[in-house]
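Below you will find one chain, with nothing else, as structure tokens; this is the form predicted on its own, and questions on how it binds or moves follow later.
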């Protein structure tokens, strides 16, 4: 199977749904690269108006109901977070710093669960400490590595790469030069990867 890259944003509830679906399909889709990026800089560069997504807007109301329906459909726990959008910068840096670790997928899903199943603030270092400690990982060392200049640059570079690929929303999936946007395109991306063999 041609590798699939899963581009996700920790502040995105649709990325949460996609991550849970992808983890469930992991045994059937092992060649998936999980890539965090920051959607904010991309939207800002495109002149996105954040007011269109303010609390009380029809667009936000629709999003929450849509996510609730998806969570019910896929049996994924969901609770509207008290804080939205969440600040997933530190979590993204940790995921960026350790892209090849066996625990990466579990960490990403645990962060998403903290934000969208338990209503925790993932911007708080204590929340990430609890997640890493619960996984039996060397918390202080991982966070220290995540705060290194090289890690910060790697996340900026990942965001720039996402933008160069034409990514404009989260989640997105790339298979070679093909772009699939939205959690509802997950199956399409996996099918494309299974049947298309790139040179």
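Since we're looking at a predicted model, the values are computed, not measured. Residue numbers count along the first chain shown, from 1.
Note that the form predicted together with a further copy of the same chain isn't included here; everything after this is about it.
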| Does residue 66 reach a further copy of the same chain in the predicted bound form, with heavy atoms at most 4.5 Å apart? | yes
| query | For residue 166, is any heavy atom within 4.5 Å of a further copy of the same chain in the predicted bound form, or not? | reply | yes
| query | Does a further copy of the same chain come within 4.5 Å of any heavy atom of residue 32 in the predicted bound form? | reply | no
| task | Flag residue 73 as yes or no: does it have a non-hydrogen atom within 4.5 angstroms of any non-hydrogen atom of a further copy of the same chain in the predicted bound form? | result | yes
| request: Quick one: from 58, 141, 47, 150, grab the residue that has a heavy atom within 4.5 Å of a further copy of the same chain in the predicted bound form. | output: 58
| query | Can you pick the stretch from 166 to 174, 127 to 135, 33 to 41, 152 to 160 whose heavy atoms fall within 4.5 Å of a further copy of the same chain in the predicted bound form? | reply | 166 to 174
| message | For a quick check, can you give me the residues of 153 to 184 that have a heavy atom within 4.5 Å of a further copy of the same chain in the predicted bound form? | response | 166, 168, 178, 179, 180, 181, 183, 184
